[in-house]
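Below sits a lone chain in structure tokens, taken as the form predicted on its own.
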């Protein structure tokens, strides 16, 4: 089936607020439409001997669902976020130490993993941790009719035949991490990557605007 990529990338409204929590070293809440996630970063701090790595920091990511205990889905999301953060963070500057990133899901209305990635990046920025680049998350769904939908809602995700989430870096717009589900061709995957790279431009611009507004208020 032929896939139709949208000429204009459509994303839901964004919202972000940093330094909401007092106990973490960095925190942020990120909202995409009706999907919202709160992120808190703790560290660098002491690490357990069993988890110590002699030449870099140990990063632990915890995803807490809105209700109940973490399941296999949350473990998968934790791995995706951890791999992305490890790629972006300069962990070698903090050897034999521990970094903990806690992501609390407040509401899930689709594109949850990409919202977690965006909340994580804003929280890491708030913590002032050294990074080689910023990153953002973009979710694409392919409908039964072959249409690519960016930033889908829960209803659109359920009706889609494929769902993909990409972490895009801010320097060269490269794919740092991908998570896919469903059936799709190589051509469809390439189309979704291209759409996600275009969508990342708007998200990084939102990052810049959000940080600019925050520091213009504090000056």
Partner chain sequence: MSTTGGMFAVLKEKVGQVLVPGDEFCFGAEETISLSESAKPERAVCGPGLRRSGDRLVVMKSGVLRHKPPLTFWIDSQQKRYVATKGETVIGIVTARAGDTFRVDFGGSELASLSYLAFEGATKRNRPNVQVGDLVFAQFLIANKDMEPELVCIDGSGRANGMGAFGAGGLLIKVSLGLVRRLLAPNSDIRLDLEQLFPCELVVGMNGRVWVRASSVQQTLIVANLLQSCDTMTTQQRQQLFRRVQQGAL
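Not measured: the values here are computed from a predicted model. Numbering follows the first chain given and starts at 1.
Although not depicted, the form predicted in complex with its partner chain is the subject of the following passage.
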| item | value |
| --- | --- |
| Complete contact of 96, 130 and 215 with its partner chain in the predicted bound form (any heavy atom, 4.5 Å) | yes |
| Partner-proximal stretch of 190-198, 57-65, 146-154, 170-178 relative to its partner chain in the predicted bound form, 4.5 angstroms, heavy atom | 170-178 |
| Partner proximity in the predicted bound form: residue 44 to its partner chain, non-hydrogen atom cutoff 4.5 Å | yes |
| Any non-hydrogen atom of residue 11 within 4.5 angstroms of its partner chain in the predicted bound form | no |
| Any non-hydrogen atom of residue 92 within 4.5 angstroms of its partner chain in the predicted bound form | yes |
| Proximity of residue 74 to its partner chain in the predicted bound form, heavy atoms at 4.5 Å | no |
| Residues in 180-208 close to its partner chain in the predicted bound form, defined by a heavy atom within 4.5 Å, in order | 208 |
